[in-house]
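Okay, so here's just one chain, in structure tokens, the form predicted on its own.
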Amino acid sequence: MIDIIFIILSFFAIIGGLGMILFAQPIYSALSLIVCLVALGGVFALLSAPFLFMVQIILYAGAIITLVLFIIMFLNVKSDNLPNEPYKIPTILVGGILLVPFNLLIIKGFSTLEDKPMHIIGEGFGSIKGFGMELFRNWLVPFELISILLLVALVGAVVYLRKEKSDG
């Protein structure tokens, strides 16, 4: 049963990711990203990681996507303002073909692993305490740098597009 749920969630994650790349309108891409993030949250739930599941759903699929949708609607991007992408589909296909050797390497790596029985994970796996201790002991500086980078990117995008609107 868990395998079937995993396959369904994987299908939705892949479809959401493809929709995010293939849709021309930014609002549809953002909605596809929501589908992908919710499916990934479901995968975290299957992995017995309740904290990561809740963070994925509440923070990413909720707050971050709400912010991105607000910025997209605030900027009021019209079809005329979007770039012409005549080679979008061939570029995606070439990228997919270039990823085939990498995927074959991963499949070969997994196929060489020896079969071992699966064990139920311990009680503390995926808990808030373990995650927080790891994050703030060993990854505090990268965590803060990434948050600053994301903030600067969002502010930069708004400033850049507002200047572009006032020039034309």
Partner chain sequence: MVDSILPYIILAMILFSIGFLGVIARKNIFIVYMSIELMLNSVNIIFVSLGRYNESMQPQVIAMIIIAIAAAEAAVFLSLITVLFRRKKSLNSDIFNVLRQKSVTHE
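Positions refer to the first chain, counted from 1. Here the structure is a predicted model, which means the values were calculated and not measured. Take the two forms, superpose them, and find the largest set of C-alpha atoms that agree within 1.5 Å; that set is the rigid core.
Omitted from view is the form predicted together with the partner chain, to which the following refers.
Give a yes or no for residue 35: in the predicted bound form, does one of its heavy atoms lie within 4.5 Å of a heavy atom belonging to the partner chain?
No, no contact at 4.5 Å.
So, in the predicted bound form, is residue 91 in contact with the partner chain at a 4.5 angstroms heavy atom limit?
Residue 91 belongs to the contact set for the partner chain.
Which residues within 91-107 place at least one heavy atom within 4.5 Å of the partner chain in the predicted bound form?
Going through 91-107 in order - heavy atoms within 4.5 Å of the partner chain in the predicted bound form - the hits are 91, 92, 95, 96, 99, 102, 103, 106, 107.
Is residue 136 one of the residues whose Cα moves 2 Å or more between this form and the one not shown, with the core superposed?
Passes the 2 Å threshold, so yes.
Superposing on the rigid core, I want to see if residue 106 changes position between this form and the one not shown - specifically a Cα shift of 2 Å or more.
After core superposition, the C-alpha of residue 106 moves 2 Å or more between this form and the one not shown.
Superposing on the rigid core, does the Cα of residue 24 end up 2 Å or more away between this form and the one not shown?
No, residue 24 moves less than 2 Å.
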